[in-house]
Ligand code: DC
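Shown here is one chain on its own, the form predicted on its own, set out as structure tokens.
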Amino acid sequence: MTTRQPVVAIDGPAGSGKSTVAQLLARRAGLQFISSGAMYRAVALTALREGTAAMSPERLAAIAAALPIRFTTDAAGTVRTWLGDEDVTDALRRTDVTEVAAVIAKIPAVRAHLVARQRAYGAEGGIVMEGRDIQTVVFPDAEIKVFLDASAEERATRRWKELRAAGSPESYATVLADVRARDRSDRERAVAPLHAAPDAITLNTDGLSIDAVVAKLQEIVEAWRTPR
């Protein structure tokens, strides 16, 4: 009888809730959450701190290869991201970091180093990882693959409400147009286009609360754990 815990690979379009869902699922299922996006943002943060000279593909690849990143979970169940001895969880959310990360994620050498790191995290199982191409490229043999989906209208509504709560005047029509443009870009990109793996479980989250989605994924994990 194996004691291995599953690798749960979660992908989906922007705004499908995969990051929030993945963190909650990991906490409730007793697994470790790993954010692939945080790795790209950590490379971006390091490069920004080093200055413009660090923006060459060669230097970015070197940063990715030596990235001293690790993840911990605090007493409140919040996943923290560290670079060496520095907690960079909040710094990784900066707008400039996110913008640079989106660019460097397209650099093959950077991706190669970070994909290798991601696979190393999953070598012994027991993780939930979300992000682009996690269930198609990074973990094509993951025990559990999930593709979270939702209509563009649903995802735009969620984002629009978040923006309103933050005081942004952006209209729903603008947000919806942005979501659709991002979808086209993600599905048509040359490197790792967005799509569900053939053996992934596709879950449409339209009209579902975060708790309802997490509960469904918990059922999937527990079904996998049940001896067959």
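Quick caveat, the model's predicted, so the values are computed rather than measured. In this text, residue numbers run from 1 along the sequence as written.
In what follows, reference is made to the form predicted together with this ligand, a form of this protein that is not presented.
Mapping the unseen interface onto this chain, D186 counts among the residues with a heavy atom inside 4.5 Å of this ligand in the predicted complex. Not displayed here, this ligand is approached by I134 to within 4.5 Å at the level of heavy atoms in the predicted complex. Although the partner is absent here, R155 lies well away from this ligand in the predicted complex, with no heavy atom inside 4.5 Å. In the predicted complex, at least one heavy atom of R111 sits within 4.5 Å of a heavy atom of this ligand.
A105 is the sole member of I127, A142, A105, L148 with a non-hydrogen atom within 4.5 Å of this ligand in the predicted complex. Heavy atoms within 4.5 Å of this ligand in the predicted complex are found in exactly one of 160-168, 31-39, 173-181, 65-73, that being 31-39. Taking this ligand as positioned in the predicted complex, the residues of 88-104 that bring a heavy atom within 4.5 Å of it are, in sequence order, R93, A101, A102.
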